[in-house]
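What follows is a single chain, given as C-alpha cells, in the form predicted on its own.
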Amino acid sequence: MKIGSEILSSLKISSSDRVNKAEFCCSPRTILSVPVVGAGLSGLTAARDLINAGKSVVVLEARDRVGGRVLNAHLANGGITELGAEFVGPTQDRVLNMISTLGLKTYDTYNVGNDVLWHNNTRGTYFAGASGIPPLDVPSLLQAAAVEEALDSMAATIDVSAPWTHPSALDWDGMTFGYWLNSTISLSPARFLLDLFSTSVFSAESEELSFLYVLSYIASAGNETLVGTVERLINTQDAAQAQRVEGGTQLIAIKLAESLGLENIKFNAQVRSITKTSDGYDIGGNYPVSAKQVVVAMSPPLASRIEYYPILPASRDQLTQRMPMGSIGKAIAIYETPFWRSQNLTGQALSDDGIVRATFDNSPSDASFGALMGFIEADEMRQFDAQSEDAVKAAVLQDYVKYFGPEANNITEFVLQRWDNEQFSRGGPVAYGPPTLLTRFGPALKQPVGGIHFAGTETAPYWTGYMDGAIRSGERVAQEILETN
C-alpha cells in the first residue's frame, strides 16, 4: 500500500536510530522546545502553530505514515479509497479552511436518487432528500422525530467546553443512552432508527454510552454560532457527510506534514515514556528527545499506554482507564462502474440486519470506477474482529447483494480496514464516554499536567470525533503552550 511515499522516503528513520528502554539513559538526546507525540491531524496542527511561533518542534509518530485514523488506500486500478475519516460538511470550519489553504478540493458526496432501507427482512427504496427520513409507519416516524427534537433541545443547553457543569449532568451521566431510549420510545421501528444513530455515529451500542456524553456530542456538531443537532450528525445533504476530498482525506495530513518541513517529523518513533526532570521532560523511545513541554496528541486510551514518571494524577489515569474506543471497520467493494446509479440509487443503505448496516457511494468524483463503502460497527465489528478477511468479505458482499442486487457480487477488488486491530488505534472513530465518566473525570480530558499537554479530537468542544475536532484540539494545545512561554 502506497501511503505518502514521497514523505516516507524522507522521514523514515533507520533501524540504527532505534533504541530500547534500557539504552535510553545513554542515548544522545535532541533538545527541543516541544516534541509532539502523534502525527494525526491534531499533532500536525499543533506542530504547525508552534513552528510558526518560532518553537523548535519534532513530531514523533509510531507508524510509518502520517494521518492517524485518516488513511488512503491505493487501489489496483490506480484510484484511491479512504479507509478512515473521509467526510466533511457545514460548520466544520477548521478542516474546510485547512483543505482550502493546502490547495485541496472538495466534491459533493454522491446523493442523487433513492436510498435503500432493509427492515424486517424486506427491501425498500425511498427518496431521502434533505430530511433523510426512511419510509416507516407514521406513528414510528412521529415518535422518532419527537425524540430527535428532544435530544436537540437538551443538547442546546449544554456547555460544549464543560458538559459536566450542566444542572442535570449527574442524572444524565448516571444513565445510558439505551436506558433513556427505553423510557422514551415504545415503537420498535423508531427504536431501530435511534439505535442505528448510536452505532453509526459512535460505533458503540446505545447501552454503552452515557446519555450526557451523547447530548454533549450532539451539541458539538456545530460551531460558535450554530448549535449542534442530530440532523447535522447523521445526514448527507448539508450535514456531516456532505463532501469528500479529491484524492482522499489523507492528503490533508500529507500536505500539512510537507508544509512543516520534512525534518520535523520522525516515523517509527514510538514514545514509551515521558519522564519529568529538573528542567523539563525526557521522552523515551525510538527517538529520544528532551524538552521543556510536551504535546501528547493521541486518543486517551492510547495515551495511557505511555509510561509517565512521576505517574499522572489519579483523575487522568481513572479517565483513561474508563474511556474506550468505539469498534469500527470499513469494507469497500470496488466495481468497474457505480452500477447502482443506473438504478437511480444513491449507494446509501440503512439496515437492521447484517454485518454492514450503513453504506455510502465511495466512487471518485469522475465515476471512473464504482466503490461501495460499508461501515462495520459496534457489536457487528466485534463479532468479526478475529475472523478471516475472506469471512468478512463474504458477509459484506451478502449484505451488498441484499441492498443493491446480484451485480454487487461482481467486484474487481475488496478493501477491508479493521481499526480495532490497528496497534496504534485500537478502534474508532473516537474514544467515547460511558456512564459517570464526564461528571467524575471530565476536566482531566484536556487539563495539562505540568508541561504535558493533551490534544486529540476527543478534547475538542466542536466536532468531537471528527477531523475538524482534531484540528481544533491541535490549535488549542499550541495556544496553551504559547501562552505559558
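We number the residues from 1 along the sequence you see. The structure displayed is predicted, hence computed values, not measured ones.
There is also a form predicted together with a further copy of the same chain; it is not shown, and the following applies to it.
Although the partner is absent here, T436 lies within 4.5 Å of a further copy of the same chain in the predicted complex, judged by heavy atoms. Among residues of the shown chain, Q318 is one whose heavy atoms approach a further copy of the same chain to within 4.5 Å in the predicted complex. Taking the partner from elsewhere, G427 is found to have a heavy atom lying within 4.5 Å of a further copy of the same chain in the predicted complex. Contact check for N421: a heavy atom falls within 4.5 Å of a further copy of the same chain in the predicted complex. The candidate spot formed by Y179, Q270 and R382 is fully in contact with a further copy of the same chain in the predicted complex: every one of the three has a heavy atom within 4.5 Å. Site annotation in the predicted complex: the residue of G247, G113, G280, P301 reaching within 4.5 Å of a further copy of the same chain with a heavy atom is P301.
The partner is absent here; in the predicted complex, the one residue of F414, F127, F339, Y309 having a heavy atom within 4.5 Å of a further copy of the same chain is Y309. Only one segment in the set 347-355, 76-84, 94-102, 326-334 has residues whose heavy atoms sit within 4.5 Å of a further copy of the same chain in the predicted complex; it is 326-334. Residues are counted as partner-facing when one of their heavy atoms sits within 4.5 Å of a further copy of the same chain in the predicted complex; in 201-228 these are E205, E207, E208, in sequence order.
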